[in-house]
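Here are two versions of the same chain, shown separately as structure tokens and labelled structure 1 and structure 2.
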Structure 1
């Protein structure tokens, strides 16, 4: 099933929840919607499910508008953050509930067992939802949504009520199941790491609109806007000024230093730009096109790596270091190549007045 959203706009009174959103999801694809709280992710999902109607625009399933189709006939499977398992029904009854309304040659028992097996919960049929752990409840919710063979799966922050370890395990399982069933899926999360891990493509949303749609690689490495650069992954965003430009090589003044960078877009000297450098692209004490000296002012230990906060020439940068024998107060030299300094296309907002980043 292909899903297409065409110029969707949705208001709640004075609140603009979605503004002119267009999005295509191809058959069997998993698209993650990420964005900060209140940016309209849930609203988008509810429009696709049919619980809200758009003020403008159209929603198409396989090219056909579904705006007039009520939720119970859209054939979508739905999983909420807090599962919404029917508390007065057993696990079996929960999973079987959607089968009540579909005609199928397969026996209900068989289908329920098939699904409980799929999510790894065989044997818990007679439990009540209150007798399950959060992770188990989540799996039941998934099994319930999948039981009536939906053509579309909608997941609204399905894992955010779980602890970090379980979240990592379950997101892999969800992805595996989604791949196996080849079911078109919209996956809402505010956790960018989760989105990078599960999605075929990611739609980064901010304040009612989509900032960028792309593969995890694209949104991570080639952020289309400053917002995306900030939201996805850890990074150093530096605001500076174009000093010189020769062909696709530019010289920037950032803080108190000058840096070399490559640029595709037209830039004029004197223009403000935002540059992104990922922590893992910065090397310690090695020759590079761009170098600067600084002092380590903070260290976070992360097992095989250290996260360093280095204060250098008026700016603070985060560095991911494989070298572990470092101490706060150490002097280090940071180096990175001109091609790793990514110039973020200027977003809708003008760059803020430059100041040493805190």
Structure 2
């Protein structure tokens, strides 16, 4: 099933929830809608499900408008954040409930057992929801949504109520099941790490708009806007002024420091630009094309790596390092190449003069 959203706008009173949203999801593709609370991602999901109607625009399934099709006839399976299982029904009965609204000739018992095997819950058919762990309840909710053979699967923050370890495990299982069934899926989450892990493509949303649509690699490494650069992954945004340009390389000034970046767009001396450098691209105390000197002002231990917070050139730079014998207060040199700096489109005004180095 292909989904197409065409110029969707939705208001709730004076509040603009979605403005001129267009998005296409290919057959069997998993697209994650990611963004901060209130950006419109759940509203978009509810529009696709048929629980809300757009004020303007169209929603098409395989090229046909579904605006006049009620939710129960759209062929959509929905998994909510808080599972919405029936507490008085067994696992078997909860999953079988999803088959009440289908004319499928498949025997209910066969379909339920097939799905429980798919989600790893074989043998728990007679359990009540209260006897299941949170992760098991979420799997029951997923099996119930899949029971009537939906053409589209909608997941609304499906893992947000779970602990971190369980989220990591279940997101891989959801991805595995989605790939096995080849079902077209929209996956809403505020967790950018979760979106990067499960999605074929990601739609990054902010304030009723889509900022960027792309693969996980594209939105992480090639952000289209400063918002995407800040929201997706940890990153350092260095705002500097263009000093000169030679071919596809520009020299930028950041306070008293100078660094070079590759640039595919036309920039002129005097322009202010913002450059993104990811923490894992920065090398400590090694020769490099660009260098900044600074002092470690904070450390987070992460097993085999450290997250370092380094005061350099008047800003705090985040560095991911495998060197474990570092301490707060250590003086370090940060090195990175011009190819590791990505210039981010920005409408920001020139930054204030950096504070004196520590």
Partner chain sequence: MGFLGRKGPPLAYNSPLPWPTHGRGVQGEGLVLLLPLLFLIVFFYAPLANLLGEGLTQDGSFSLEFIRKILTDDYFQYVILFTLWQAFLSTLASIALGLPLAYILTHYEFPLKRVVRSLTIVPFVLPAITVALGFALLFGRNGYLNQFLMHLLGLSEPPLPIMYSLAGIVLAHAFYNAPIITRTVHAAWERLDPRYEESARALGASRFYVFKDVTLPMILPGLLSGAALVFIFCFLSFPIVLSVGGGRFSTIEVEIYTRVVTRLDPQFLNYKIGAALALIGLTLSLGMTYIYLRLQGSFARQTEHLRPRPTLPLFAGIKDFLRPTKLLLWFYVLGSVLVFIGPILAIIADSFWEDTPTGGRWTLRWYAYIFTPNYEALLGDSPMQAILNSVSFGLGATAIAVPLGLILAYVIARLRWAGRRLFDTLLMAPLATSSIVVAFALLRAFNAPPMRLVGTATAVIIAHSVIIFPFVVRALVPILENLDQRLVEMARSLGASRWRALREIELPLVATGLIAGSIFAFALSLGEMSATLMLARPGLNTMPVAVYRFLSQHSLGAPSAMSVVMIVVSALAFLVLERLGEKALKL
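Positions refer to the first chain, counted from 1. Between two forms, the rigid core is the largest collection of C-alphas that superpose within 1.5 Å. Note that the coordinates shown come from a computational prediction; the quantities given were computed from them, not determined experimentally.
Each structure shows the same chain on its own, and structure 1 is the form predicted together with the partner chain.
Taking 2 Å as the criterion, residue 89 counts as shifted between structures 1 and 2: its C-alpha moves by at least this amount when the rigid core is aligned.
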